[in-house]
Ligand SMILES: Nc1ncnc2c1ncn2[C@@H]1O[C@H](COP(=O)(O)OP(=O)(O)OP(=O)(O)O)[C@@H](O)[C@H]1O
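The chain that follows stands alone, in the form predicted alone, written as structure tokens.
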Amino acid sequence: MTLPQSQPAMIDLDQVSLSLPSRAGSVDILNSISLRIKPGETVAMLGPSGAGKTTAMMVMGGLEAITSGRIKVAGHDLMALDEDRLAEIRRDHIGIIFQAFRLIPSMTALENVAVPLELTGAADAFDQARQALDDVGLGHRLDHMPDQLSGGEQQRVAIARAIVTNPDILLADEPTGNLDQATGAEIMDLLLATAERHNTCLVLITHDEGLATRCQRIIRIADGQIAADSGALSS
């Protein structure tokens, strides 16, 4: 996919490799991955467990350092940044949704969603958090603790927390993996509607072919490499 000069990629990986040491020697997790993802594009990264797709997402979010290559996110060269600056990039540009929800158990739904806004010093953090929860259909669960919510409701809180800062990029790691089929379909509907509403770049990590086909583009990962890249948007 070639992007016009006026539209730089939101995510740009160039020959990205990641190797980790082991007793048996170096293990290649990612092997010379190159891809470019447009602003507002919805992309599924599909592959079996251990293929490297979650690691690729962690790299895109600046949560995992690469061994070689180059990665730019929202115009920033992540290899050139220290941990404090990487945290700022995530705060300002990236929303991350984990399969395990990762809500703070001692905080209400409203407090969980307000956390990233409070970190930015937003004076109206709780007003914005309340609106985000209303947007995901949880306006009636503001004061509930995570253990008082169903799995689907907890995932909706996690989505609200990820989108409340209006990020340029949403990274979702198996967001329906812990949910039943019907609830998972609702969560996927919500993610796609959110991406469209805010022109957010959505990268969905999944092993579910059905979910993947709902995205505009499917990138298949196998053995740490891109095995196929279909449905890329034209320039």
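For clarity, every value in this text was computed on a predicted model and none was experimentally measured. Residue numbers run from 1 along the displayed sequence.
FYI, the form predicted in complex with this ligand isn't displayed, but the following is about it.
Peer 1: Here the chain is shown alone; which of Thr42, Thr194, Thr176, Thr54 has a heavy atom within 4.5 Å of this ligand in the predicted bound form?
Peer 2: Selected residue: Thr54.
Peer 1: Can you work out which of Gln181, Ser49, Ser68, Ser34 has a heavy atom no more than 4.5 Å from this ligand in the predicted bound form?
Peer 2: Residue within 4.5 Å of the partner: Ser49.
Peer 1: Judged by heavy atoms and a 4.5 Å cut-off, are Pro21, Ile29 and His207 together in contact with this ligand in the predicted bound form?
Peer 2: The answer is yes; Pro21, Ile29 and His207 each reach this ligand.
Peer 1: Tell me which of 181-189, 163-171, 54-62, 196-204 has residues with heavy atoms within 4.5 angstroms of this ligand in the predicted bound form?
Peer 2: Every other range fails; the passing one is 54-62.
Peer 1: Taking the shortest heavy atom distance, is Gln128 within 4.5 Å of this ligand in the predicted bound form?
Peer 2: No, no contact at 4.5 Å.
Peer 1: Hey, in the predicted bound form, does Gln99 get a heavy atom within 4.5 angstroms of this ligand?
Peer 2: Taking the distances in the predicted bound form, the answer for Gln99 is yes, it comes within 4.5 Å of this ligand.
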